[in-house]
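Have a look below at one chain only, the form predicted on its own, in structure tokens format.
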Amino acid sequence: MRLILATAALAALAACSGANNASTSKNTTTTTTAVTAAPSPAPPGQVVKIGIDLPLSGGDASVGISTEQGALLAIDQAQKNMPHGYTLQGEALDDSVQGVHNPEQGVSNVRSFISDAAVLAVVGPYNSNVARAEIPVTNAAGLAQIGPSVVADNLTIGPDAAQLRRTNPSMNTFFRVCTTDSRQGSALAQFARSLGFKRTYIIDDNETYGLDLADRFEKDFTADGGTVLARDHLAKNTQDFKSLLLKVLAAKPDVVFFGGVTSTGGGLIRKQMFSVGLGKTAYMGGDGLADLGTVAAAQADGSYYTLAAPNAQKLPAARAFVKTYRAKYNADIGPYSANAYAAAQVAANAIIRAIGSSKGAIPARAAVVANVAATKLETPIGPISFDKYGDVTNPVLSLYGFKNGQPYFIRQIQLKL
């Protein structure tokens, strides 16, 4: 467990106020009446928190830490807008186990947040299969959760999403500032065809995100006249892909498509492609390959990926954020740093608004959820608001490639709902 405090030292947490029951006697009849007590003023040092759940160690750490830093920067900057007597803090927990993001650890992390009455919202997770495990827990607790990068479609819409909210179906507590797998898969299929690729071999990591992404890519690639030569699902924790890649070599694809993330095989597959004679074959995937260069280095060249986010380096609205981030962390922003900043900005704004109507007490989590749902906020990635499902209403995708082991921006796509 990793704890990061984004503001001044932790002070004592005052007890939450709530409804009191008052009994009054009249003759021989006793009547119990619910009376809502007026919230008491916040004492000096009242602490409220935003939890952060991300992969902060192992194979996903390079993207997880830069995402965490974006969220912490927003929390730090939100402090100046906190009502008198309140301190806003960020508490970050690592959902990686043995170097890979882990749904069970994610659930443990959000349960820890839920048990702390000061935690009023959560930013995260990074990965869709972790989100799938966490959403039923945060929904049951009525705790707002805002994902910076989780893109699986069925986390928000459809019968699968409804099942995730079955304990508390009248309240949607999960929101995201990124777009979805289906949009990434469609954009990648169109981009692949625009590059002249006609034949693809598809590999996925058999996880929620990777399966969704590969499914949509396969559907749209074939609909646009492309041919899917074959598709394979990876066994968990596989390290040696030589036999699989020899099959790929024999099929003679123009492009190998990977549905998954670098840490679940995406990085090693690209590296090992060179050892079997596939080094000059193009490689493509979604935002899970954004950190491909950390594993494949220069062998990442010839690879392409999407981000479910705008290119913050190119946005006028993000200039101040990019400058402040560099000054604070002595590094460039990561793939989802700006998205995480926006997610934490939404959470902080919702908390501030809820405090404003709570008459000085720590607000109810339900009030924070309601304020997140009603968000209309300018952020470094543009205006943020959510539809009734919790999806962002201004979805954007960016296309990238790799050159000399480093990502380069190709173009941005403004998506239509």
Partner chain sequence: MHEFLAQLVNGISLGGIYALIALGYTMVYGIIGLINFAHGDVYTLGSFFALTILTALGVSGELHGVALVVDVAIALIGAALLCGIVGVLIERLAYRRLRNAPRLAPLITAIGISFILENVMQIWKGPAPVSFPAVVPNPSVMVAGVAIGAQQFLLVGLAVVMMVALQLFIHNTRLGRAMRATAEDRDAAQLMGININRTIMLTFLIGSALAGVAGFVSGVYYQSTWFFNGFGAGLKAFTAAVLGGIGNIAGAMLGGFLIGIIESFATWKFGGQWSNVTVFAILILVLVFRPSGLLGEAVFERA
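In this text, rigid core is short for the largest set of C-alphas that superpose within 1.5 Å between two forms. Note that the structure is predicted; figures quoted are calculated from it, not measured. Numbering follows the first chain given and starts at 1.
The protein also exists as the form predicted together with its partner chain; that form is not presented, and the subsequent description refers to it.
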The listed residue (219, 233, 199, 193) that reaches within 4.5 Å of its partner chain in the predicted bound form by any heavy atom is 233
Could you tell me which one of 268, 315, 82, 157 places a heavy atom within 4.5 Å of its partner chain in the predicted bound form? 268
Does at least one non-hydrogen atom of residue 328 fall within 4.5 angstroms of its partner chain in the predicted bound form? no
Since only the chain is shown here, I'm wondering whether residue 238 would be in contact with its partner chain in the predicted bound form (any heavy atom pair within 4.5 Å). yes
Its partner chain contact in the predicted bound form: residue 246, any heavy atom under 4.5 Å: yes
Determine whether any heavy atom of residue 295 comes within 4.5 Å of a heavy atom of its partner chain in the predicted bound form, and answer yes or no. yes
Counting any heavy atom within 4.5 Å as contact, can you tell me which stretch out of 173-181, 246-254, 342-350, 73-81 lines its partner chain in the predicted bound form? 246-254
Contact check, 204-219 vs its partner chain in the predicted bound form, heavy atom within 4.5 Å, ordered by sequence, gives 206
Per-residue C-alpha change between the shown form and the other one, residue 176, threshold 2 Å, rigid core fit: no
Return yes or no for residue 140: a CA shift of at least 2 Å between the shown form and the other one, with the rigid core superposed? no
Does residue 277 show a Cα shift reaching 2 Å between the shown form and the other one after rigid-core superposition? yes
